[in-house]
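Encoded as structure tokens, the following chain is the form predicted on its own, with no partner shown.
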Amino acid sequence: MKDFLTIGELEPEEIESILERSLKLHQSPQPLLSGKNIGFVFEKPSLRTKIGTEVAINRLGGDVVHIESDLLFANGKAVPFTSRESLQDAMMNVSQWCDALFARVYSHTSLEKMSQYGTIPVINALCNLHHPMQALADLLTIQQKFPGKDDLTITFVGDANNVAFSLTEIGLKMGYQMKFSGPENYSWSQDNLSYFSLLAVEHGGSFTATSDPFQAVKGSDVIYTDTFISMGEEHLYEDKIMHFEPYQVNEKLFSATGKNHTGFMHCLPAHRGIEVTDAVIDHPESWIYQQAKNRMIVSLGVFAAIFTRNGTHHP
């Protein structure tokens, strides 16, 4: 694959191949990125994505070049011009030096333009619509917790955001039963619902959405939540928090699955006492730190897939 922008670009076999290769490289790292320079550009803060991926690149023998985001994106400071230079020119320059670009951006359109204008692979480190690296780590965690089990029910409780979208995509591609519960004002668009239904039919899974979180979590093997206020939405806090209070993952909701092996997942950072209580996030079946470790591990497989084809290095 040239770029990695969304989970939707991958077939189930490709997803499984990335995870399998990730685990092999974690056990026995190889210098697949020797001599390669990976540009990192981040418009938003990052802990797990940035550090985990940088560690993975180091383990594969590559180097990371940190690029200030305002060198690529318009910031309005170069009066009377609207930006320092065009993204097209910036990407063509970066393509002369770097072998790939790992980018966390506000808009998915920025990633598409970076891919269009540059000649090097672009990997999505998070955007407003997708978080594919997180979804791969989540799937690896789920498979580690339920080895060999294909009939799984995963429920996302909270905001219909980028993490929920990529998680639903990857779960449906694996044929899982995916459920969602959140306030109607912040649920999926009709286009999203139609897309999820098509994925469910194609891969043998199912997708349901309800505003009742207790109904949604019944029979769930996994309960997943994320912050109710995504990065860049801080100004919406007062309005959103009123709608999301009933969707806090607390002890009562966590025990409503009817199963004794249900796991809790959260992509982090978490706001304890808001979307999840301490008792749940610190529960023995909370897998949040394994998810975080797996962020590094799946990066190994993603960059191996980007830079090798059938075991052969390519530019």
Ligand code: NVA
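Not measured: the values here are computed from a predicted model. Throughout, we count residues from 1 along the sequence that is shown.
This next part talks about the form predicted in complex with ligand NVA, which is not shown.
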Checklist line | Any non-hydrogen atom of Cys98 within 4.5 angstroms of ligand NVA in the model of the complex | finding: no
Note to self: Is Pro269 near ligand NVA? Define near as a heavy atom within 4.5 Å, in the model of the complex.
What the structure shows: yes
Next item on the list: May I ask you to state whether Ile120 is within 4.5 Å of ligand NVA in the model of the complex, using heavy atom distances?
Entry: no
Next item on the list: May I ask you to state whether Gln177 is within 4.5 Å of ligand NVA in the model of the complex, using heavy atom distances?
Entry: no
Notebook entry, point to check: What stretch, of 126 to 134, 241 to 249, 186 to 194, 84 to 92, brings heavy atoms to within 4.5 Å of ligand NVA in the model of the complex?
Noted result: 126 to 134
Next item on the list: Work out which of Thr141, Ser181, Asn161, Thr153 lies within 4.5 Å of ligand NVA in the model of the complex, going by heavy atoms.
Entry: Asn161
Notebook entry, point to check: Looking at Ser206, Ser107, Ser230, Gln215, which is the one with a non-hydrogen atom within 4.5 Å of ligand NVA in the model of the complex?
Noted result: Ser230
